[in-house]
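Consider the single chain below, provided in structure tokens and representing the form predicted on its own.
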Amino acid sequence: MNLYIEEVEPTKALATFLADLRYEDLPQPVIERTKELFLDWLASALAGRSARPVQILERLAAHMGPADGPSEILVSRRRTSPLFAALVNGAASHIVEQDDVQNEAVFHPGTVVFPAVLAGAQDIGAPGRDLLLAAVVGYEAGVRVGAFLGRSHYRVFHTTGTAGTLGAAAGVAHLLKADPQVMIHALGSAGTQAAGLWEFLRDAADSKQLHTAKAAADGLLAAYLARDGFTGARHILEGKQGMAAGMSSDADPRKLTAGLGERWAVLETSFKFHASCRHTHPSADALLQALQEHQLTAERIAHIRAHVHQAAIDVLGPVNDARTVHQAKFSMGFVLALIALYQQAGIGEFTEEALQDPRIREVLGRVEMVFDPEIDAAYPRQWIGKVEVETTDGEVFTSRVDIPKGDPGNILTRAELEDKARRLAAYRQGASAEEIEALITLAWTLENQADIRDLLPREELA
């Protein structure tokens, strides 16, 4: 496989690499990691069952989409068109905040790429290995576009909604056998639809799920249109009126092409250990380490100071008084209070009852975030966790974690991923014990599956 260099127009170079990539080009570790990411996404989607925003989108799909179709809505077991399956599955997999994240791009690739490529693969009857390859293509596109758009983009735009649209488009376009020119048009139509603003955090609005739903569906739409000759902007990324021009002040075109064929986005993607916004994880890990090393209890803690990068303040800062479970996942105080009280902040700790728990409210009142220049300088390539814990008897302990749990270098094992999948599937009865075991087996043998059109039974769950 040829490597692509920066001197070529970056959109063209990226599109050519994506279109030309073949399964035989993939190193075995890339294939294995993509299977792990698929299982992690699938379980996250099942955990979104019965969530109110997902139910609303399901009703929309039932009203505006076909009564049947080739693609699965995982949470309801209904069949519909690829477009509406991608829409609902994209929302469902981003509900419980357990889907994967790529650090440098500050981007959740799985929740937009997999809904789109699964819907497309089921539509055309593609085998498992084609799904894996399409997912790798989608991750490469989305992660590189997110990194290209830079930190300035993330201050206002939810990168998963913006870069994610291009990731979904690239993955589906590859499934549809796009050549480099068709891939360029798919990226162009995806980029002109890309959207997603952070303002929703202040209101606890449902927009985050709309971002992933639309990114997956709009990316799929762009790919299908491009297949049939619909054209898109050829320089959607770096053009004078393209994405960087309107959405970034620090875009770096080199990040679109650097290391193509040598670095792989899936190998640089993290699994989420805690069921909360990724910006809380480094501090949560550091606090957990302090609790264990110094045998601290919540009652002994007088004050917790979380040292963070600026983006954490930008995203978490607006959440001063969490009133919904989803909003609580974006509260540093709430997450660290759960760690202090229960030694974990998993899917089972974020409940309606927890929102009213006076113990949690008391501990979260002792938490503050402070900007740390060293941590900010390392971000987003490295997400460092550092907390200072002051006890009621005047002791001060500092705890630091350089590689949070779930990051490459501190990755979840397959046993841990299977355990996480089982817990996610059991949440809201997303799947039975027998069903999730069958899905785990399928994930580990995905490249050998001739047909992936029936992941789950068609009937409704009881």
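All residue numbers refer to positions in the sequence shown, first residue = 1. All values derive from a computational prediction rather than experimental measurement.
Not on display, but discussed next: the form predicted in complex with another copy of the chain.
Residue contact with another copy of the chain in the model of the complex: S189 places a heavy atom within 4.5 Å of it. When another copy of the chain is considered in the model of the complex, M64 lines it closely, a heavy atom lying within 4.5 Å. The shortest heavy atom separation between D314 and another copy of the chain in the model of the complex is within 4.5 Å.
Interface membership of L60, defined by any non-hydrogen atom within 4.5 Å of another copy of the chain in the model of the complex, is confirmed.
Although another copy of the chain is omitted here, in the model of the complex all of P53, A195 and G229 have a heavy atom within 4.5 Å of it. Among the residues L220, V112, A141, V88, the one placing a heavy atom within 4.5 Å of another copy of the chain in the model of the complex is L220.
Out of the listed residues D206, D357, E390, D376, D206 is the one that sits within 4.5 Å of another copy of the chain in the model of the complex by at least one heavy atom.
For another copy of the chain in the model of the complex, the listed stretch (291-299, 277-285, 244-252, 336-344) containing residues with heavy atoms inside 4.5 Å is 244-252.
Contacts between stretch 388-421 and another copy of the chain, counted in the model of the complex as any heavy atom lying within 4.5 Å, involve no residue at all.
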